[in-house]
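Next up: just one chain, as structure tokens, the form predicted alone.
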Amino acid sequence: MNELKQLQRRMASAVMTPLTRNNGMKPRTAAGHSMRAEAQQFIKPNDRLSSFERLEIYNQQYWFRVLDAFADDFPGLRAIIGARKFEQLSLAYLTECPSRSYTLRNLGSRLLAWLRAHPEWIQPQERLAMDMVRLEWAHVEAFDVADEPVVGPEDLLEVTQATLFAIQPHIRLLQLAYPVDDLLIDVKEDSDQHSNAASNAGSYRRKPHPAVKKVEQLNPERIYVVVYRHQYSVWYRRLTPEAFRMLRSMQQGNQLSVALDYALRGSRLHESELAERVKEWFAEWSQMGWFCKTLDTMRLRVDDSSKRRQDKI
């Protein structure tokens, strides 16, 4: 390992060391060595600050930034368990699952798995909290996942049961037990009102959000939600069970006939009624740009065109 890389790793390790309860830098490294002695190895003092104090500034700013970014990504979870418990959860999670990416966007990528291993942080609202985390992480993904070229009207002229529709990569399909989509909207609107106040000091609720109590009292039910990006904003939309199953099947790469069969499973809709619904769905989904072109769909069109030419010959 060259000296520069070794220095970078020592600096990163020191900066990413969790703070003390008073938001100061810990006196010792993870290996038990003196942090003051460690700081003197690669930080020069100046006429106002020692090596340790200069390093402490980087340490504090790192943690203040990642904790703020994490809170921005999961306001719904914070509303459910309360700000104080959320702060403790955030520190525990980020200590055990520190950032390994160049972008803060990925801070919460391991939160679902971590909470499954540490459910004590979200009890007794475990199921509600997990639904909210799934929605909030889907929001993060939908916000910045790339768009593929949208299917145009010319691509829908000759649709058969063998047609393969590709779904935009930013679309996330969620089966939930609680209406956390409505709850998250309420939480964000409440947060915006606090942000517009003259002073937002102490605006984060120390206890669970009042809207949470109403949701907690509801009986769990199957709620189907699609999270998607449209015109540079992320939206949530409820789906019928049939529409959800159809989109899920197409998202998995199945042909239209397979998706239709899957949509009918357990449905009370008659085939003729489903056909009318499918027309409405396709018109809406196409208008929203949910269908996209991929190499597979383009290849399928080329193969179909070649087959038609051969049939004519």
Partner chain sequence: MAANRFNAFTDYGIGIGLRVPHYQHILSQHPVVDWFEVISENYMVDGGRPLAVLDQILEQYRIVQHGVSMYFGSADRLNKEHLRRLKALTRRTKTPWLTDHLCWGSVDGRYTHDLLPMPYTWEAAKITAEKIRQVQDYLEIPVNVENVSSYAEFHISEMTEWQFLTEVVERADCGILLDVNNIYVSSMNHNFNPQEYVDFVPADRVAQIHIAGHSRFEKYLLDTHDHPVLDPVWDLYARAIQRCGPTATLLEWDDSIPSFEEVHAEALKANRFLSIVKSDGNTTPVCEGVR
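On a predicted model such as this, the values are computed, not experimentally measured, just so you know. Residue numbers count along the first chain shown, from 1.
FYI, the form predicted together with the partner chain isn't displayed, but the following is about it.
Asks: Heavy atoms within 4.5 Å of the partner chain in the predicted bound form: which stretch among 278 to 286, 254 to 262, 240 to 248, 61 to 69?
Replies: Of the options, only 61 to 69 has residues within 4.5 Å of the partner.
Asks: Just one of V215, I171, A177, L104 has a heavy atom within 4.5 Å of the partner chain in the predicted bound form. Which one?
Replies: Going through each option in turn, the one that passes is L104.
Asks: Just give me the single entry in E126, E189, E221, D144 that has a non-hydrogen atom within 4.5 angstroms of the partner chain in the predicted bound form.
Replies: Selected option: D144.
Asks: Please check if Q88 has a heavy atom lying within 4.5 Å of any heavy atom of the partner chain in the predicted bound form.
Replies: Flag for Q88 set to no.
Asks: Is R100 close to the partner chain in the predicted bound form, meaning a heavy atom pair under 4.5 Å apart or at it?
Replies: The answer is yes: R100 has a heavy atom within 4.5 Å of the partner chain.
Asks: Does the partner chain come within 4.5 Å of any heavy atom of R78 in the predicted bound form?
Replies: Flag for R78 set to no.
Asks: Flag R268 as yes or no: does it have a non-hydrogen atom within 4.5 angstroms of any non-hydrogen atom of the partner chain in the predicted bound form?
Replies: Because no heavy atom of R268 falls inside 4.5 Å of the partner chain in the predicted bound form, the answer is no.
Asks: Output the sequence-ordered list of residues from 229 to 243 with at least one heavy atom within 4.5 Å of the partner chain in the predicted bound form.
Replies: Read in sequence order, the residues that approach the partner chain (within 4.5 Å, in the predicted bound form) are R229, Q231, Y232, S233.
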